[in-house]
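Coming up is one lone chain in structure tokens, specifically the form predicted alone.
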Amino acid sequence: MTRKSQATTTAYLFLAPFLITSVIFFFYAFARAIYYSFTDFNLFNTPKVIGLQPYLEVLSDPSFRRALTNSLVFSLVTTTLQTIFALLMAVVLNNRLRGMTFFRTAWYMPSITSSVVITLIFLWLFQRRGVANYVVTQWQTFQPLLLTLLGVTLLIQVVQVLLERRAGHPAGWFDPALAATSVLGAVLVTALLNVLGVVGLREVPPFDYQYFADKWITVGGARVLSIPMLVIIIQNTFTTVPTLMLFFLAGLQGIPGSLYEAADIDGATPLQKLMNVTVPQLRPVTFYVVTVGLIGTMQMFDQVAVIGSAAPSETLITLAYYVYTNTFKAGAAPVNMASAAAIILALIILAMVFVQRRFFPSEVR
């Protein structure tokens, strides 16, 4: 046996566990799902081919149409949010500042925490007596003082900048030293107004909002996004941004510094450098992040399963959860419908990736 043959054999031996697992749990399972989607299989009978009838039953099922809408809305909104926030967070954490390693590590912690635990925490945060309602109540209580503090800060900052520029000094609107002085002055003014009784705390009843009720955001009378699903979008964005941020951080390391130096010579602002240098150079990474995000969000299941009956099923059901409930339904389960829904889900994901590949090039020109 030649050295090349030995190397090939060794490679296949190391790859064997992955290849065997893929063949059994992906290719074989996928082929069986395709077969069942054309039969009348219900877990207890001998499968009999009945053609496209399971697909027609699935498409006419109101639960499937609701699950399809929820999945598409969830996927598009979450992928957009997590991509934008991951990019912005990577740009911030790419700066060489003291303690940046700590902030990178701390920000990555949600990604290594169990999604079940994170879901339970968000369930607690958005209860009727949870932290979310408490924060809103406190905001309403302290609103006069906070708005006064903000308004006085802006007023002092504007006055300071205008005075500095009148004196011939190049002062910016966001100058940190002037901002610190403005905040300090605003605190003193707000405290004085509070002592004099001009502004003070408001007496408001506790904010009482049910986030996991049958409430929807509608467009033209059509239910587009439920409030419980909006909570899951916030949670999913919070937990996935750190992982996607690492991809953008790796991409930022590969951008030549000469591009930013040239932009500085041309007098580009930080926003112009972000939009004209960073974003175009990160196009391959963005393509990968969006692709991974679309695939992951279209398969979202665990958060819905954990919340369960805490929210109306119509507000949270997704395609993956629809497949699960039809496969493990008590009694004779419509496995053929579950298989048909799974195949439709796979086709939708393939179509989304194809469209993205076709119309959004991944290479840097």
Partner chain sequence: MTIRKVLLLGLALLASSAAAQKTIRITGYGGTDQTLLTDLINRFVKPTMAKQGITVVYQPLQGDYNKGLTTLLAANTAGDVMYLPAETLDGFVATKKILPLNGLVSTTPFIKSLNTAFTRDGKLYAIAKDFNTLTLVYNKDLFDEAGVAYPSNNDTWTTLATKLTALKQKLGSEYYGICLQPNFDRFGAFAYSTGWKQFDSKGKTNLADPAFVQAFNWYTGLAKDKVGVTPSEVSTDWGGGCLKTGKVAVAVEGGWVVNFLRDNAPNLKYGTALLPKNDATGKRGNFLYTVGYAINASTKNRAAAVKVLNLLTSAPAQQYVLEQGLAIPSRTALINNAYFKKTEAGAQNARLVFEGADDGNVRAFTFGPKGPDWGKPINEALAAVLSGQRSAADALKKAQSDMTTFQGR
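The model shown is predicted, which means the values in this text are computed figures rather than measured ones. Residue numbers count along the first chain shown, from 1.
What comes next is about the form predicted together with the partner chain, which does not appear here.
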4.5 Å heavy atom contact, Q143 and the partner chain in the predicted bound form: no
Any non-hydrogen atom of K329 within 4.5 angstroms of the partner chain in the predicted bound form: yes
Interface membership of P62, the partner chain in the predicted bound form, 4.5 Å heavy atom rule: yes
Contact test in the predicted bound form: E164 vs the partner chain, heavy atoms, 4.5 Å: no
Contact stretch among 29 to 37, 48 to 56, 292 to 300, 308 to 316 - heavy atom within 4.5 Å of the partner chain in the predicted bound form: 308 to 316
Contacts with the partner chain in the predicted bound form, stretch 185 to 223 (heavy atom within 4.5 Å): Q210, A213, D214, K215, R223
